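Here we start with a single chain on its own, the form predicted alone, put down as structure tokens.
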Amino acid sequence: MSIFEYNGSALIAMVGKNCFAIASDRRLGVQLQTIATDFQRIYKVHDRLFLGLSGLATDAQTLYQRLVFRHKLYQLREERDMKPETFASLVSAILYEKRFGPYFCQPVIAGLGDEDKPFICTMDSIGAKELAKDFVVAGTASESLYGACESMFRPDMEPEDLFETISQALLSSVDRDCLSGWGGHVYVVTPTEVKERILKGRMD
């Protein structure tokens, strides 16, 4: 078993019309044993920028703390919040710094940039960015997430349609992966509000 699969995870970010959604499962396991069913994988950087970290849970928490520290320094120096593109470059640089002993994480970054344009991207454990205009996925359920997203995604969805689509994609995909699941956690972000919802899924 790969170290990336040790705790299990499913992460997905999807773009809508001037909005985006980011969702994750809630299971924390040690291989096939479930430890917690309310684990947080998505973190708020600021009101228009969210970060999801799949992979090894301990590395994810360590990396998040480093990123919060760097973002606060940026806010003090620049007196503004980081743009999503800038934050993606920061995450990439921090991961590449540790390329010979990497954080075993696969980040998913989602945010609203200038003129409320949604930005999503993911990267591997050494910071190689993969930008997308529709959706990005990460974690142990990524193969089934790709299939669900390919079939369900439509461009320019309104926030409610986007929530429905990302939730169905997540729930149907984690049922096909025994290392992730146990409900879902969804954020839908528009220029004016952030909606957070908890999904109930199969509890096995």
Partner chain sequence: MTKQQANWSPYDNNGGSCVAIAGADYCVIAADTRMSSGYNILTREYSKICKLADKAVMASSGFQADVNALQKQLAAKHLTYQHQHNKQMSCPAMAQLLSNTLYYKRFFPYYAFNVLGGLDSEGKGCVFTYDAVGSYERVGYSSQGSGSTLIMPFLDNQLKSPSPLLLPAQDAVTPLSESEAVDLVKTVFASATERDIYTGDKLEIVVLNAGGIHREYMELRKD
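Since the model is a prediction, treat every value here as computed from it, not as a measurement. Numbering follows the first chain given and starts at 1.
Another form exists, predicted in complex with its partner chain; not displayed. Remarks below refer to it.
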{"item": "Residue (of 31, 37, 62, 168) lying close to its partner chain in the predicted bound form, criterion heavy atoms within 4.5 Å", "value": "168"}
{"item": "4.5 Å heavy atom contact, residue 43 to its partner chain in the predicted bound form", "value": "no"}
{"item": "Its partner chain contact in the predicted bound form: residue 56, any heavy atom under 4.5 Å", "value": "no"}
{"item": "Any non-hydrogen atom of residue 152 within 4.5 angstroms of its partner chain in the predicted bound form", "value": "yes"}
{"item": "Touches its partner chain in the predicted bound form: residue 135 (any heavy atom, 4.5 Å)", "value": "yes"}
{"item": "Options 63 to 71, 170 to 178, 48 to 56, 23 to 31; stretch whose heavy atom lies within 4.5 Å of its partner chain in the predicted bound form", "value": "170 to 178"}
{"item": "Stretch 45 to 67 - residues with a heavy atom within 4.5 Å of its partner chain in the predicted bound form", "value": "none"}
